[in-house]
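Only one chain is included here, represented as structure tokens and corresponding to the form predicted alone.
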């Protein structure tokens, strides 16, 4: 078992990892940039060490500084959380070379599955259904246009190392293709230091369904069931729920079986998520990508399975044998997660950093809040604007929706603007309530600023 884990991240996920380590009896080290000195993860870890200035390239992405912190504190493992270095194959290799356990996949697996274009090629070889698109990387816009014409518009250009909607462009006709291709490459370079992109056929009204998997070092792989992640704004998830109300038990079982097959074929170890595009009209699903890390939305799965994903992720990398009962896992009720961002929905979701002057978080049966904020905390402008995740669990989807609406009414965050009013309007929308929404739902959704919000 690990004696000390360095948490190479910040915010709520850093706190989540620290809590899991405490439950196992593992000491923790928090790293932080100078603007995160007063963040809660630095207070609740056993040790905390500053690794650089606010600029993430000089702190949370600074591998030498992180390794120095691990050496200074005698850490024997590093948990990267999500974002930052969590899917960096070089970082995984460097950790291994420095006798540190990287709590994530090996560099080979990250290279194969974390790289979106490479993952598509791997799925093709395994006869897993994939979205029609380019074979491998597309080198230039001229080559890309030929592929797009063959596929038929609309198409979507995606960064091979992408995530969070960055390096992604939908193209509806050939006239706009070159500009979109160049923009996607440029954004991919800025976000991931990798200009590689690929092209897929763009489905106009799909569902985004994903399967959570966990694997140990003994060859055991299990599906932790599905999540519905179709409420997205600019390709970024806004609200998630589990299980999906849009797919049949037959499709759910098949998706899980395919996901387990994928993980076994590539020799995956740890926690990962396999994401699918689901076409409701044909009832067919297509592999999109695999996230080789913990997901932001993992709590909804924890709520319907009563299984601690983060704790067991750590234990898997420490040699734990996963329990066989996971093969018969069934969903327990329904769970919804709302991501709360410090943004102003009335001003095109402009970031709203600043000091939280008053804070009241909700509670009650089946209510969970994952956050690193507190009254007096100053939200920095340097990082992602998500400040909290509010999660509810109930016996049915309808009850979960009503519970979340009540919970959001009870949530008070003053001093900054948040997306709570936006989330409340989504939950009250008839399309969302019906469950028949898709990834284009928010493209036509009209946020209405109300006087009492």
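None of these values were measured; they are calculated from a predicted model. For the two forms, the rigid core is made up of the largest set of C-alpha atoms that agree within 1.5 Å on superposition. Numbering follows the first chain given and starts at 1.
Form predicted in complex with a small molecule: not shown, discussed below.
With the partner omitted here, the residue from 136, 353, 165, 331 that has a non-hydrogen atom within 4.5 angstroms of the small molecule in the predicted bound form is 165.
Checked against the small molecule in the predicted bound form, the residues 288, 296, 303, 221 give one hit for a heavy atom within 4.5 Å, which is 288.
You can rule out all but one of 231-239, 315-323, 259-267, 373-381: in the predicted bound form, only 231-239 has residues with a heavy atom within 4.5 Å of the small molecule. In the predicted bound form, at least one heavy atom of residue 208 sits within 4.5 Å of a heavy atom of the small molecule. Using a 4.5 angstroms limit between non-hydrogen atoms, residue 201 touches the small molecule in the predicted bound form. In the predicted bound form, at least one heavy atom of residue 131 sits within 4.5 Å of a heavy atom of the small molecule. Not displayed here, the small molecule is approached by residue 277 to within 4.5 Å at the level of heavy atoms in the predicted bound form. Once you line up the core between the shown form and the other one, the Cα of residue 353 stays within less than 2 Å of where it was.
The rigid-core alignment places the CA of residue 320 less than 2 Å apart between the shown form and the other one.
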